[in-house]
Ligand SMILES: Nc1ncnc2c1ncn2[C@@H]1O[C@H](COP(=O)(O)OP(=O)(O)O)[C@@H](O)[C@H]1O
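For reference, the chain that follows is the form predicted alone, supplied as structure tokens.
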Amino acid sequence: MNDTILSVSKLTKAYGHQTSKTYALSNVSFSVSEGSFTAIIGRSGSGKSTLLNTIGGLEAPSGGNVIVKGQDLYAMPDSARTAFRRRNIGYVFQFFNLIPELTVYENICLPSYLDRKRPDRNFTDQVMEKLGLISMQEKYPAELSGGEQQRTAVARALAHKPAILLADEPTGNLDRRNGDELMALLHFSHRFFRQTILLVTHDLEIARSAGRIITLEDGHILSDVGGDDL
């Protein structure tokens, strides 16, 4: 049995004042095994992105716990949580979030630079080669197609060898062909790098390619199915 790498317990996120609170998440609990691929689906406003941001240490919950690699994210001081997130969590955003002034290679190495560490050049080259970026590593984001930018974003998320890769609607800004290519890259990363992946998507067809689907509705887990149940 795989080890649990992520545990979410009674996670709650509320907005507003005491008398008029809106709950984006309400008492959400689940765990994720190392090396698994999990999709989180639900309608707009169901709490998907809030859940991913809370798991990723980007948005503090109102209650509950997020345990990553045995560490309680929100029991840490802000500075420690930022450092832990940078070293252990990779993020692929819908809109790439590449730095225009940096080359492809520099964008990919950005998490290492921010952590004041020397990038692992051998591993970075391996990631760029596997994602088809070796020949364009000196180019800037403006010189890339949408698909190439997204591949760069995936490479950046992988290059520091994160424990978990979080992907928030990564195909939402791509056409079907580039979206399919991106999903193929994520599945390749899952297999080749044994990467643990949590993917938020509104597309059930994309979700079905994962090994497990968690469905959110109004901030609650509506269903949680995997394996033969998919």
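From a predicted model like this one, the values you see are computed outputs, not experimental measurements. Start at 1 with the first residue shown and count on from there.
Only in words, not in the display: the form predicted in complex with the named molecule, which the text now covers.
- Interface residue among 179, 56, 47, 162, judged by heavy atoms within 4.5 Å of the named molecule in the predicted complex: 47.
- Site annotation in the predicted complex: the residue of 11, 206, 221, 24 reaching within 4.5 Å of the named molecule with a heavy atom is 24.
- Mapping the unseen interface onto this chain, residue 191 falls outside it, with no heavy atom inside 4.5 Å of the named molecule in the predicted complex.
- In plain terms, the part of the chain that comes close to the named molecule in the predicted complex, with a heavy atom within 4.5 Å, is 39 to 47 out of 66 to 74, 39 to 47, 180 to 188, 26 to 34.
- Residues of 166 to 202 that come within 4.5 Å of the named molecule in the predicted complex, judged by any heavy atom, do not exist; none qualify.
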